[in-house]
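Let's start with one chain on its own, the form predicted on its own, as structure tokens.
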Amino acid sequence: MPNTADPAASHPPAVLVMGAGSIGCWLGGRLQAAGATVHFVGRPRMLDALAHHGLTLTDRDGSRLQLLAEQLKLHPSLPADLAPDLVLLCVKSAATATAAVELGGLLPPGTPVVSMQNGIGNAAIAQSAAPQLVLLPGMVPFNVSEPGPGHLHRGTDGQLAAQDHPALRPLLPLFAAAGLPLTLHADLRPLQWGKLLLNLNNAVNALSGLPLRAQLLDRDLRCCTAALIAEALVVLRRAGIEPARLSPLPPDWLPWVLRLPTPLFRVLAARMLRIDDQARSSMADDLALGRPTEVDAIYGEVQRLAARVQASAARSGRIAELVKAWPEHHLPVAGRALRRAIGA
């Protein structure tokens, strides 16, 4: 069995980051700086950058944390001799089952694994692929971009959350010491859907080619996001799901406020605009780097729920198609053109 480590104990807790991308490295770097022994498993592009430049974490509040390359434990594949106290599953959604099979084949039974991924169903997918592990859904509400090799920047705010489990409670002081306070919930599903509603802006941001703040100040682009959220809210109501409030505004208010003229939006959504100028959606980074996107984990989730409750999610389907077709032309989509394309 894995150790149920207490950060105050004599040995540091061991954390495995499975999927050392922007979110995985941000979380792992902060936890390492707080005293954890962190192992990063990732793809060559990120591992090479970390090996040459180390890991630099910056924040919208001006903080800066640096870990030297020689301080990082980097692995191209999962080491066979690890028994971590915690695994943070941070791979892209399409790689969830494959990563879970690998974890299940090498880690001790009962190891807690928290899915810090987009979407709703990744923890369940991973649990099916690795039934001997303890898979728990988690939620990362903030945005992390990659301004340069080995440099990650958090441009938005929010607090981590996860499904409550006894294995996580001893680790709460570690997360707090890392500046990553973690709240535990008996039912994480409302928070997951609350985050997914906000993530419906990801494709709008990616297709626009703009930083998040600039995109949110474009009314046509906001109207696209408003239409996507309004459609999803209809689906959720029909399914009897009440999404949690993860922004300064209640979920039902979001479409109305997003559609306001920009001068009014600036006033009523001032807190929503507290975004670093560098911040972009992870989907924008994926398109820029030619990586597969998570349209299926976000917009596909709305479509699947809509099919179950016999509702329409046509706009989610249209914008997902636009993202999938984007590599053919590599051109930003203007707000009015995007409104026409998705019927907003």
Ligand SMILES: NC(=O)c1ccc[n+]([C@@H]2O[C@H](COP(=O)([O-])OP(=O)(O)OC[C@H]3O[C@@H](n4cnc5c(N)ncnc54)[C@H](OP(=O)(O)O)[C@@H]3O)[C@@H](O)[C@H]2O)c1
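Just so you know, these numbers come straight off a predicted model, no measurement behind them. Each residue number is its position in the shown sequence, starting from 1.
What comes next is about the form predicted in complex with the ligand, which is not displayed.
- The listed set R291, R308, R64, H52 contains one residue whose heavy atoms approach the ligand in the predicted complex to within 4.5 Å, identified as R291.
- Here is the short version: of L197, A226, A161, M116, the single residue with a heavy atom within 4.5 Å of the ligand in the predicted complex is M116.
- Using a 4.5 angstroms threshold between heavy atoms, A230 stays clear of the ligand in the predicted complex.
- Proximity of Q215 to the ligand in the predicted complex: non-hydrogen atoms within 4.5 Å are absent; the residue sits far from the partner.
- Remark: L31 does not count among the residues lining the ligand in the predicted complex, judged by a heavy atom distance of 4.5 Å or less.
- In the predicted complex, no heavy atom of R304 sits within 4.5 Å of the ligand.
- Picking from 257-265, 176-184, 124-132, 96-104 the stretch near the ligand in the predicted complex, with a 4.5 Å limit on heavy atoms, gives 96-104.
- Shown without its partner, the chain has V140, F142, N143, V144 in segment 125-153 as residues with a non-hydrogen atom within 4.5 angstroms of the ligand in the predicted complex.
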